[in-house]
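Presented below, as structure tokens, is a lone chain in the form predicted alone.
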């Protein structure tokens, strides 16, 4: 296990939207280099960088055309190596985004695989036996190749699925087992890509759709076995390299597959949703001030997962990511401050999405850009100052429009505001990194009465009290001590704590 993860706080950077250094309207690697001191100033000591590989950008770079080449719009391979070096000089680690489930349909592997003539890449992707064979349970693209067969895609039509085999063979005329030599070659090709970038200075990978590789793998056992083999390679050759999974099943991803971290997402209507997002929970999100939330919807799911995985890896909360509406679409400023207090005091390895530290807004109804669709509104340019395009770019045509509101939040107008989300985020990250009890997988004890609100939890000598309700409330507590941090007002007296609406208190006992 890489030791540096225990004290890691990640910052996710969407490269095309972060900072444009050359005025072409698109963020680039040089722009990230120029803002590394800003990232360090937040207290973050690690970065997750969304895909920077050569791509036709049908899905914002998650359709890779060349895994070993930086997309020219971001710079060169040498620029990425320089980013690694400059980040490391500031004691910042960098994870690249690994996309192992599919490639672009313009990748050289696929251009060979779609030909009628057989080659070493014929089984690199999943093709049916004939063009007339298109089973409805799979996403298939039909009649687009000279090869007599249809190919499976993972998501968009431009993303043919790489072939890692099938756990259950239902069509033996074209489905291969996971131990077929050609499927094993696919695994080795991904390891080769990982080694390529690790040798150049990368500190690991966030793995896109990590649970999607082996098909007909209902319980994901075969996929987990595949990743365990990758982890074995890392342990032997790159023991300080880290992997975080987009899986949202910590026991499978961490204990079985060997990932060091697993994202705790809201993709599946899980406990994350009931905390911060309305979604299927309606108005019953825990941090919604209307008071209809139930913490047990979270704790009954999360705590068993935490207890079963805490010796082997980390469950990672995130403020948001590039695939979700920003939390500003759901909660008000006071609630968002409490959300950050929760994320940065819970166990695991937290991830801060660029712009969330200043309360950037989700821009609904934007025209889709590079396959973003509803996600486009969370991918708008970082808002730095009051200048042109709010400091993102000098171009007349930026990658996406910035917030047009007169009160658009920027780093410039938020960083010195004592009431800002920026101040809360940076304060909490500093506190997290100061106290060992708030690192990694330390002690955690929830003290909630059947999920009722307010609630509290203890991490070693630190106790966190939350009142997410829009009204004053009290709760019993056996703990009192020195105040470490607070949002709003809260007073502990005679075994009870009286808390103002939407307040937070951290004490050291």
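Positions refer to the first chain, counted from 1. Since we're looking at a predicted model, the values are computed, not measured.
Omitted here: the form predicted in complex with 1-deoxynojirimycin. The next part is about that form.
S.K.: Should residue 105 be counted as a contact of 1-deoxynojirimycin in the predicted bound form, where contact means heavy atoms within 4.5 Å?
M.R.: Answer no; every heavy atom of residue 105 is more than 4.5 Å from 1-deoxynojirimycin in the predicted bound form.
S.K.: Can any non-hydrogen atom of residue 155 be found within 4.5 angstroms of 1-deoxynojirimycin in the predicted bound form?
M.R.: The answer is yes: residue 155 has a heavy atom within 4.5 Å of 1-deoxynojirimycin.
S.K.: Would you check, heavy atoms only and a 4.5 Å threshold, whether residue 231 touches 1-deoxynojirimycin in the predicted bound form?
M.R.: Taking the distances in the predicted bound form, the answer for residue 231 is no, it never comes within 4.5 Å of 1-deoxynojirimycin.
S.K.: Wondering, does residue 159 line up within 4.5 Å of 1-deoxynojirimycin in the predicted bound form on heavy atoms?
M.R.: Looking in the predicted bound form, residue contacts with 1-deoxynojirimycin include residue 159, since a heavy atom lies within 4.5 Å.
S.K.: Name the stretch: of 405-413, 431-439, 320-328, 68-76, exactly one has residues whose heavy atoms fall within 4.5 Å of 1-deoxynojirimycin in the predicted bound form.
M.R.: In the other structure, the partner sits against 320-328.
S.K.: Just one of 82, 225, 195, 375 has a heavy atom within 4.5 angstroms of 1-deoxynojirimycin in the predicted bound form, so which one?
M.R.: It is 375 that has a heavy atom within 4.5 Å of the partner.
S.K.: Check each of 114, 277, 379, 93 and return the one that places a heavy atom within 4.5 angstroms of 1-deoxynojirimycin in the predicted bound form.
M.R.: The residue in contact is 379.
S.K.: What residues, if any, in 230-257 have a non-hydrogen atom within 4.5 angstroms of 1-deoxynojirimycin in the predicted bound form?
M.R.: Going through 230-257 in order - heavy atoms within 4.5 Å of 1-deoxynojirimycin in the predicted bound form - there is one hit, 246.
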